[in-house]
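Below, in structure tokens: the form predicted alone, a single chain.
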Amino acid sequence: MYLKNLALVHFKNYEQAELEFSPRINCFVGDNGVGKTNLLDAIHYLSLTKSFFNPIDSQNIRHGEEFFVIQGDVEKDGETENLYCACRKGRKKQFKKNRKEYERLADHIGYMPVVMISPADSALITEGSDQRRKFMDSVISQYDRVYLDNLMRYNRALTQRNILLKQMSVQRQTDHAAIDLWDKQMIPLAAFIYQTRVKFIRDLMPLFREYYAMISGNEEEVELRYESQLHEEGMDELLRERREKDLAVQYTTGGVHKDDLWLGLGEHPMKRTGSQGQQKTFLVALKLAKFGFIYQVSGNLPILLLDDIFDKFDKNRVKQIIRLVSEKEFGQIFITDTNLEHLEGILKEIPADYRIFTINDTIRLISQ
């Protein structure tokens, strides 16, 4: 599977753009701020129906315009299929495959899996648990439709339970039977989500450690540890024990929406003990493990998007990463960088088809 081409209208800084891609390696080279990352984000839209960077669709419309359109042709299983995404201010986003609109955007997830590696990944280490839950959910949802559906149902029930708790506080009345209705919905969904995440982290660990060793070239021990309140007791017990507290604070304090993923270097938290280079290696290895895991369980090679990840790596480490991802077990790859000479020198040493586009006022194919 690979993306054959991409067409943009009024997307972010692009008035209009059309590109034809190699099925292997494609590079966008140019100064910071010219729109290299926006091309990767357009590919992310075609895969996951949303931006990697900005969840508000209307804010991805080019300034002064009323809409954007992203289109691309995908070669998959010997067939070419067209994907179409459009957003107009004040209207619902449209997403189509072969001109047929999806009834639910979630039905498209997993058709064209993608893995983005970006400087923004540092949030996995530096920010709150919601970032790490999002990572787990984004991987599992690309190969397990039941998980995605159950996660959406759980989040809807959680939202309604929280609304109910706030209403009861305002009205100064407690209706335990009404809370029970939402609890009964959440309990089996939470159990499914929890068990799926447990298995996912257990199965991901060998891949993660393997990629970390390949990139780092040393024997440092890295660790992922799934943290959940459900390790100790079931969701039904959590909700029952915390009900009075939930009523007092007006939101649900226990459940899989509080889960976290501990990231470690040995027995120490990566956030505190890892150097900048170790943290970056950790994140790249984690995302490559995500890639390998999706491929293992689904049989579909994800598209790999590498956004300016070489900024703080030395030349040898960059060469090592590009050589690794240029191997046959990786499919189509998109890379952004600012250093044309550096990138082209590495690619010429690799036996893989590639194309390099320069990005400034225009997009120009300079090497293939």
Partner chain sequence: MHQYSSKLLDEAVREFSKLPGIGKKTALRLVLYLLRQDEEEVTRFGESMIRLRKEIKHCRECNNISDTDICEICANPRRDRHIVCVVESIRDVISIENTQQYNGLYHVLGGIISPMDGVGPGDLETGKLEEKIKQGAVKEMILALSTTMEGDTTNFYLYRKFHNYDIEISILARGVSFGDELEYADEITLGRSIINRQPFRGDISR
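Numbering follows the first chain given and starts at 1. Here the rigid core means the biggest group of C-alpha atoms that line up within 1.5 Å when the two forms are laid on top of each other. Since this is a predicted model, take the numbers as computed values, not measurements.
There is another form of the same protein, the form predicted in complex with the partner chain; it is not shown, and what comes next is about it.
Residue contact check for residue 167: one or more of its heavy atoms lie within 4.5 Å of the partner chain in the predicted complex.
When contacts are judged by a 4.5 Å heavy atom cut-off, residue 149 counts as touching the partner chain in the predicted complex. In the predicted complex, the partner chain lies farther than 4.5 Å from every heavy atom of residue 222. Using a 4.5 angstroms limit between non-hydrogen atoms, residue 248 is distant from the partner chain in the predicted complex. A heavy atom within 4.5 Å of the partner chain in the predicted complex is found for exactly one of 134, 199, 268, 184: 184.
Note on the partner interface in the predicted complex: the residue among 145, 231, 92, 240 having a heavy atom within 4.5 angstroms of the partner chain is 145. Exactly one of the stretches 158-166, 271-279, 250-258, 112-120 approaches the partner chain in the predicted complex with heavy atoms within 4.5 Å, and it is 158-166. In this overlay on the rigid core, residue 118 has a C-alpha that sits less than 2 Å away from its partner position between this form and the one not shown. Put the two forms on the same core and the Cα of residue 153 is off by 2 Å or more between this form and the one not shown. Once both forms are fitted on their core, a CA shift of 2 Å or more is seen for residue 142 between this form and the one not shown.
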